[in-house]
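Here's a solo chain for you in structure tokens, the form predicted on its own.
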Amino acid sequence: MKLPESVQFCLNELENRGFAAYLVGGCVRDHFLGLKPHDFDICTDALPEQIEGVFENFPLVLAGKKHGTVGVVTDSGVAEITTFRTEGPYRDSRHPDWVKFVGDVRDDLARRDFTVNAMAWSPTRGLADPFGGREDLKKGILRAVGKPEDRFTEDALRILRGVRFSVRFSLTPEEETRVAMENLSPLMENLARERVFDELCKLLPLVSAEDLLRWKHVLGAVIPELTPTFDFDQRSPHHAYDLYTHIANVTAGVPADLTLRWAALLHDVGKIPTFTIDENGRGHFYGHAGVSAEMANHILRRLKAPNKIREQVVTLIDKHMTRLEPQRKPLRRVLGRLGEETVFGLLVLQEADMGSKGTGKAEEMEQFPRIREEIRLILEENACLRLKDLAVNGRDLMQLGYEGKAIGEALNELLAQVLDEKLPNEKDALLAFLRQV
């Protein structure tokens, strides 16, 4: 394994002082997978005070010292060095009740989540792999270290992490591990919402439709609003799939962009509360886009998602049933109202939505290239689409005698006239219009 100079230096310094020093966790796993490691975590039998002594001539970060971690500030960043340790019970499914420093790397590896992450490697001491992580990697197996129930009860976020590792590295969970992940997934209710959201954001760009279907019960544990969509018959000639299978295909069908993936995952959660059946036995979901947007807003607030992502997702979901046509004036209006980025995102979501019904019918898919081409022509014109693009501003209107709320109302009316191409975006023409009203 080719190591950064700063990491090699830290390993050498510890070994030269008589301490065992290993790289541990993800960097070892990635190396054996043929991937380029990015994060290099060092573990050692040196106690935190001894680590401080070895690197006494370097700036140190001691925020994690009580848990055994000392950061050594080098020219290329902070190298984190952690003392071998074991841990007590996790009564809150996150933090151990106690931490005990130990002298054997195997005891340290025994507390880790999965065998593929429970390997340590040293340039001088070789590989420490007491749980068979390298062999599991070769066989494509995801296996918990020790008893799966213990690992997931200690920290329930390991369940979502396990899903991510399974998806990212094409690992198949061995049966006991899989069953424990599903059965213990309700424990994730006790996790900090920020941790859940962060893990979901790492997972969503990676998933296929098959992944979302395979792990639906785990996802339903952290987003309960998805659970009623499982196996839900939409009773519609336009949908061959049950509702969740449709959602899974739409989510996998949009690019691996967080906003688009979240919008796709939640775009139809409002179908359940809006479901009705007509006299012919056909299902309808009137108003489901707005209800889905409200539910998505609630879900993302609960998960403490950043406002920017939440607002973008909610807008896309709210508008995802808005019919767009390759016509200049309507597209100018929607571009002015939503903005270029949102409109292009909306087109991507709608295209995936229409293409993920399982019926084999095109259902107006040919309209999307035409709409994009029309938008391209509009944007090439550098057209006036927003208030800031108008050839007049509030100061101009004040000179005509407008004041207060009337200024904003007048500017909005001018923009509407320009978007409908009833007025040119020219100062004299706009002011002349206002003088006449």
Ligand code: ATP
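Note that residue numbering begins at 1 and tracks the sequence as displayed. Owing to the predicted nature of the structure, the values given are computational and were not obtained by experimental measurement.
There is another form of this protein, the form predicted together with adenosine-5'-triphosphate (ATP), and it is not shown here; the text below is about that form.
Is Gly64 near adenosine-5'-triphosphate (ATP)? Define near as a heavy atom within 4.5 Å, in the model of the complex.
Contact with adenosine-5'-triphosphate (ATP), no.
If you check in the model of the complex, is Gly26 within 4.5 Å of adenosine-5'-triphosphate (ATP), heavy atoms only?
Gly26: yes, in contact with adenosine-5'-triphosphate (ATP) in the model of the complex.
4.5 Å heavy atom contact, Arg158 to adenosine-5'-triphosphate (ATP) in the model of the complex:
Yes - in the model of the complex, heavy atoms of Arg158 and adenosine-5'-triphosphate (ATP) come within 4.5 Å of each other.
Test of understanding: in the model of the complex, would Asn117 fall inside 4.5 Å of adenosine-5'-triphosphate (ATP) by heavy atoms?
Because a heavy atom of Asn117 falls inside 4.5 Å of adenosine-5'-triphosphate (ATP) in the model of the complex, the answer is yes.
Considering non-hydrogen atoms and a 4.5 Å limit, which listed residue (Arg112, His320, Lys357, Lys271) is close to adenosine-5'-triphosphate (ATP) in the model of the complex?
Selected option: Arg112.
Can you work out which of Arg370, His38, Lys388, Lys405 has a heavy atom no more than 4.5 Å from adenosine-5'-triphosphate (ATP) in the model of the complex?
Checking each option against adenosine-5'-triphosphate (ATP) in the model of the complex, the one that comes within 4.5 Å is His38.
Which one, 161 to 169, 287 to 295, 321 to 329, 308 to 316, holds residues whose non-hydrogen atoms are within 4.5 Å of adenosine-5'-triphosphate (ATP) in the model of the complex?
Comparing against adenosine-5'-triphosphate (ATP) in the model of the complex, the contact stretch is 161 to 169.
Which of the residues spanning 217 to 236 lie within 4.5 Å of adenosine-5'-triphosphate (ATP) in the model of the complex, based on heavy atoms?
Residues within 4.5 Å: none.
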